[in-house]
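Okay, here we've got a single chain as structure tokens, the form predicted on its own, with questions on binding and movement later.
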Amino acid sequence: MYRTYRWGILAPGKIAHKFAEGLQFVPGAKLQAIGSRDEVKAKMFADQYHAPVSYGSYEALAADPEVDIIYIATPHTFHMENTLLCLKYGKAVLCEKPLAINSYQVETMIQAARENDSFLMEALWSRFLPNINRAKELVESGKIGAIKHLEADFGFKAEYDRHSRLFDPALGGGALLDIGIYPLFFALYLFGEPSEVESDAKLAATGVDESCRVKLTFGGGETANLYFTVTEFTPVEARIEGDQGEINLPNRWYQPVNLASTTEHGSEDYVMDFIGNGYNYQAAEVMKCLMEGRRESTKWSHHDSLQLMRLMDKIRQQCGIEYPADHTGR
């Protein structure tokens, strides 16, 4: 038996459409309200997804007593501000990745969630996908022996526009926070916290990273080679290597895809039974946590988000990538 949870979406942009589509596949989820700085856009989005209420401000959405959970879909640099607003009104919050711009902001958001006794989770959708979790299960089962190495990439070609979200430092631009977060998450998920971090980036004229290579070394000698870029298309594949075989996740590995393993005994394909468009799994996790009375997920905890952000802070420091928010205390 499912309890109904009423969702609000803050900022009806591109990613919000994907989330709203996925939410339709979550038993007990109801899209209740949309909040935008543009009342017309809010109404159009609400009509498209049959949400009964729309607002022309974020605060009106946050203050709505008929909304239980708010999904935040604004650009990176607004995540902390929007999250703090929603937490102030006692809402459960699912905030799009990256959770914020730097670890100071993440720490501030976590503290606010605790002070308001409210739920907070980073919307790192890959963590909840069946294929990613199946890969972890295969590793833990010893299918490929002791894991030694991860290769993962994510690259696409974007047209350069210094004022766009991808290239403007004031909007948290660059490959690292936008797409590098996926290979980095996967490495942490498989190996834990690295003991060594080596990174090198090619910077755009605006000072954000166009592309970045990262090598992580872990306590047992395991390694990960990761590459992400917004200047070229790459295979977008992941390979987990063990001393007795490997696990391969094909193109767009961070999305719902099938996977395969290869050992001395041959190859084996794993056909996953996906539901929805993939964004539904993280929404279902939020609702499960709330039904169980928890204020954070054990699958992707506050600590996990903070550890990932601290790693990205370190990479930015090594590569000389700075954002205005790094110097304002916000």
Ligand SMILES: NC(=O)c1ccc[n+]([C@@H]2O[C@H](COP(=O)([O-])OP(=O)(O)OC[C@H]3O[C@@H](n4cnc5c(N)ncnc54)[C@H](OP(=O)(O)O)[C@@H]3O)[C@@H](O)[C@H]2O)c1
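We number the residues from 1 along the sequence you see. Computed from a prediction, not measured in an experiment: that's the story for all the values here.
There is another form of the same protein, the form predicted together with the named molecule; it is not shown, and what comes next is about it.
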Review point. Counting only heavy atoms and a 4.5 Å cutoff, which of 164-172, 216-224, 189-197, 139-147 contacts the named molecule in the model of the complex?
Key: 164-172
Check your understanding: in the model of the complex, does each residue in the set 157, 202 and 316 place a non-hydrogen atom within 4.5 angstroms of the named molecule?
Key -> no
Check your understanding: Heavy atom to heavy atom, is residue 240 within 4.5 Å of the named molecule in the model of the complex?
Key -> no
Check your understanding: With the partner left out of view, is residue 11 within 4.5 angstroms of the named molecule in the model of the complex by any non-hydrogen atom?
Key -> yes
Exercise for review: Consider residue 305 of the chain shown here, and say whether it contacts the named molecule in the model of the complex, taking contact as heavy atoms within 4.5 Å.
Suggested key: no
Check your understanding: Are any of the heavy atoms in residue 295 no more than 4.5 Å from a heavy atom of the named molecule in the model of the complex?
Key -> no
Practice item. Enumerate the residues of 186-225 that have a non-hydrogen atom within 4.5 Å of the named molecule in the model of the complex, in sequence order, or give none. Key: none
